[in-house]
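Have a look below at one chain only, the form predicted alone, in structure tokens format.
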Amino acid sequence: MNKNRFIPITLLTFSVLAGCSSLPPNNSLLDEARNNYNNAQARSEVSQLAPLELKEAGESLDKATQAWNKREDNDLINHLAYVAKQKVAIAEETAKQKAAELAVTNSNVERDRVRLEARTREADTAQRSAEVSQREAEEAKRLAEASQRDAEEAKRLAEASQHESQEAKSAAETAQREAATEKQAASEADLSAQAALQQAQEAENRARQLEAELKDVELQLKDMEAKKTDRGMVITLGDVVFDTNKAQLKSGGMRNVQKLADFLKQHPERKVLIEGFTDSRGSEDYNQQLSEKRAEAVRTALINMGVEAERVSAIGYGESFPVADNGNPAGRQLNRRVEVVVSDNTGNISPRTGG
């Protein structure tokens, strides 16, 4: 019994080595990472405010490109490209944070400028008032001397002085209103600075949260032997989790599904798409129905384990999308599989392309 189990593994190894001998003409995940990096590098905000983070992203992108040029394993290339893509995102978040911090600094400078202008206006007003008072005193002296000669002229001058007093009172009230306006402007500047600081803190917390979530998801999916693809992380359940030509999960398959259910409960923002496949033996209609039943069996198991139904979709592709040659037993066993595609942290799953 053990001897028969090792035969497919040996054939699988030959199949994987043969697959590595010719990589596809391009890698969409690497292209996306390179495009994101070029866009970030072209933005002066990112290149000036987050040069170190952008440099790290560039180094990661270089590693992925070198792996691609050396025709290394496609999973490794996808992993390196994925890391580079995330580091570009970290560089952009860092630039946003530092831009917000600069906004805080600029707000403080503007507030100080407003206060300085207010104090300058107050000093100018005081100086002008002193000059006016001095001239009034000199004029009062002259009028006092004239009042001794002409009582009627003194009375007229007294009435004029009363009028000037009213104007001075009106000017004082105007100055008071201007001071209140300047105080309100300073208060608004303080509120703007506080808002900018809060935005900077939120950007920093979000960047840290994204990095922590990424590490946690990668570790958990790695334990389930998930692989990075151009559609995201994909977990493959082989033919051994089902009885031959059956759609009921075996006990070993249920354990794998339980791990996936635990992961989805810990990350409610994630969704999954379950895709069933068969080999080319048997009729096309039979294979289509079997692939649908197996995909639906995994979906039902997840729902029974407490995962919300709207987060789990299932579809069968029959004998379409083979990953190996159906002309030999090892290839057919690889084609009999269920793939679980895990969404990104926004719940999006890239559609399958090709035929």
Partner chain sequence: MNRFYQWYRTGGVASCAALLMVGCASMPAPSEQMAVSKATINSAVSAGGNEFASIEMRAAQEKMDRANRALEKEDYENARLLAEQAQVDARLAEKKAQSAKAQKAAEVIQNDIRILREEINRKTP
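Numbering follows the first chain given and starts at 1. Keep in mind that what you see is a predicted model, and the values were worked out from it rather than measured.
Heads up, the form predicted together with the partner chain isn't pictured, but that's what we're talking about next.
- Contact with the partner chain in the predicted bound form, defined as a heavy atom within 4.5 Å, holds for exactly one of E225, D75, E159, D190, namely D75.
- Checked against the partner chain in the predicted bound form, the residues E139, E167, E145, E117 give one hit for a heavy atom within 4.5 Å, which is E117.
- Taking the partner from elsewhere, Y82 is found to have a heavy atom lying within 4.5 Å of the partner chain in the predicted bound form.
- The partner chain in the predicted bound form comes within 4.5 Å of a heavy atom belonging to E56.
- Among heavy atoms of K265, none comes within 4.5 Å of the partner chain in the predicted bound form.
- Interface residue remark: T236 is not counted as part of the site for the partner chain in the predicted bound form, having no heavy atom within 4.5 Å.
- The candidate stretches are 170 to 178, 86 to 94, 249 to 257, 277 to 285, and the one lying within 4.5 Å of the partner chain in the predicted bound form by heavy atoms is 86 to 94.
- Residues S107, N108, E110, R111, R113, V114, R115, E117, A118, R121, E122 are the members of 107 to 124 with a non-hydrogen atom no more than 4.5 angstroms from the partner chain in the predicted bound form.
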